[in-house]
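Only one chain is included here, represented as structure tokens and corresponding to the form predicted on its own.
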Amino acid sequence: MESVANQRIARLSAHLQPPNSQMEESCVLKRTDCRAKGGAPGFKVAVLGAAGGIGQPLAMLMKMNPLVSVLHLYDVVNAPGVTADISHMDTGAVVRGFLGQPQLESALTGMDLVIIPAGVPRKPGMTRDDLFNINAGIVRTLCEGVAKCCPNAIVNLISNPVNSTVPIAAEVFKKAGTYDPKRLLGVTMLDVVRANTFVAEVLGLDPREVDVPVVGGHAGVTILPLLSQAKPPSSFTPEETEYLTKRIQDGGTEVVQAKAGAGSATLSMAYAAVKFADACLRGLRGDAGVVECAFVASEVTELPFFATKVRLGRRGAEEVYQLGPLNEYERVGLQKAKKELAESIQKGISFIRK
């Protein structure tokens, strides 16, 4: 009886505190053998930056996703605490925590999907450019780990400024010889979520019935909601169009100001990230017709990266859709978006190439 109890204790402690490689040999159970009984078949997902403002609710929501069988939570601080906490949830995914750079490779090995919310949040008065130098370095380090340990994983990049961090990740993967443009997706889903919500408010509809494509990028004027293509088809007055476009573009600032120094959009961002991650997992599973907006390598415009609708499949963004018909307001917005986007993309590329 005692040996069974000891095995059970070893299994539990292995979930919460993955042994290092020296200890692993002497452990009764290797960490790879540790699974909750009846743990669902599914995908292995890593969240890098799991102890942060976005990372914690994101990790919790991923633990609730039935398509996830193993959930790795990595951060440079507090990862063991978040892991212990989330591991008590009675859902199928097995949770393991990884703390600090020495454990990054263990966190990434064998992953199918890597979600990266790591970085510092925007504070009042900060521009997205102020974030750049700090978050650019963090993204570079994490993507070097991905290139080494799970080069075939699909990467969902959330770290701002997305318009620059996605080109940074692409350059890191190119240097490592592992770059597959289909597998690198900048998460712009929050812009879509906001667009659906704000349009539903104006039309007096349930937001779940509304679908607004948002194209371009993921900051200020680069965010271009295509209200003319909203579903259900709706007509907006010029005033409504102006109000909605500005509010969708400034949604992040609205939250930063409302939180008055206490952070930026974390809960809605986590929700949007999980909605997008779930779409990626359904694509990986082979579901047909999974289409969402994302910031990807693109030939839709003359820019190397652009956010449009993409069809998600087993290899990531398997098809990138064209913009479709734009009205005059959107055509003008597109020119403004492209001008700013070109600079942000170049800034990311130069950060790695310099």
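Nothing here was measured: the structure is a model prediction, and the numbers come from that model. Residue numbers run from 1 along the displayed sequence.
Not on display, but discussed next: the form predicted together with a small molecule.
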Exercise for the section: Give a yes or no for S234: in the model of the complex, does one of its heavy atoms lie within 4.5 Å of a heavy atom belonging to the small molecule? Expected result: no
Practice task
Could you confirm whether V202 comes within 4.5 Å of the small molecule in the model of the complex, counting heavy atoms only?
Solution key: no
Exercise for the section: Using the partner position in the model of the complex, report whether R122 sits within 4.5 Å of the small molecule, counting heavy atoms only. Expected result: yes
Handout entry: Interface membership of T253, the small molecule in the model of the complex, 4.5 Å heavy atom rule
Key = yes
Handout entry: Option from 256 to 264, 226 to 234, 280 to 288, 209 to 217 whose residues, in the model of the complex, bring a heavy atom within 4.5 Å of the small molecule
Key = 256 to 264
Problem - Every residue of N160, L190 and R194 near the small molecule in the model of the complex, heavy atom within 4.5 Å - result: yes
